[in-house]
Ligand SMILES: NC(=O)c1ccc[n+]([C@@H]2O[C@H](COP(=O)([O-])OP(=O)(O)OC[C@H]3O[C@@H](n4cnc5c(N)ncnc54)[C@H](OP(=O)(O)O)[C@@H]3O)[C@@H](O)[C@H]2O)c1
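Shown here is one chain on its own, the form predicted alone, set out as structure tokens.
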């Protein structure tokens, strides 16, 4: 199976690429746009002809679209840029999927919900609060309307191995190892369900293998506030000089409104793949970092 991953230098895309490349039945090409890596090809969804490889010759059977503008506060103050990078880019990827007759796999977010009654199941009503959330939902709607063969995978609080170490857990580990005095101002009332990016790759592979279609929520089942998540990670560094200052979201003056009681239920996925086990934060800290 020929798989093309858009945004493969990012957290989710790279982990999906690394996992799928372990499958001898998959031929995988990963692409980057703004952040190049040695194992990805340059690709601009708005100008495919400028790519550093021949997509027409490759003719993907599956296109995994993980590229996005994910800085929620930046999106709130730059809505045109957010729309271009999330909605218009998805429309361009849809054109590619139609051209090659490929299955389109799209990575979405729990920000399509308002955070009043989370964690959420797939059938729960959506009501995004932020520009980012509205644009992710618009991209989902485009796919549902235009791509008969598609998978939409909603995730949130993604962490894991990443070259740039931008995710929250990687940030905490990096700060802890500096052994510097610092106060982290974190929200005590923003709850979500963390998931390891590598598990997203594992789950994505199973869904593709078994010909699944439609919407799936992926999460490890753990439910933490941002403060609780930080405490869980920093517990592995007993001698650090970092301190957490827990604050309500309204005190942080963030540009974008957050779904406070967010997160995702994984019941549908686990009902179809009962043998699957999502890893936990503790698993990641012990196995990946030898802590």
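Numbering follows the first chain given and starts at 1. From a predicted model like this one, the values you see are computed outputs, not experimental measurements.
One more form of this protein should be noted, the form predicted in complex with this ligand, which is absent from this view; the next part is about it.
Only one of 32 to 40, 53 to 61, 253 to 261, 236 to 244 places residue heavy atoms within 4.5 angstroms of this ligand in the model of the complex, namely 32 to 40. Residue contact with this ligand in the model of the complex: residue 105 places no heavy atom within 4.5 Å of it.
Remark: residue 130 does not count among the residues lining this ligand in the model of the complex, judged by a heavy atom distance of 4.5 Å or less. Mapping the unseen interface onto this chain, residue 3 falls outside it, with no heavy atom inside 4.5 Å of this ligand in the model of the complex. Under a 4.5 angstroms non-hydrogen atom cutoff, this ligand in the model of the complex lacks residue 99 among its neighbouring residues.
Residue in contact with this ligand in the model of the complex (any heavy atom within 4.5 Å), chosen from 204, 112, 172, 158: 158. Residues 66, 67, 68, 70 are the ones in 56 to 75 with at least one heavy atom within 4.5 Å of this ligand in the model of the complex, listed in sequence order.
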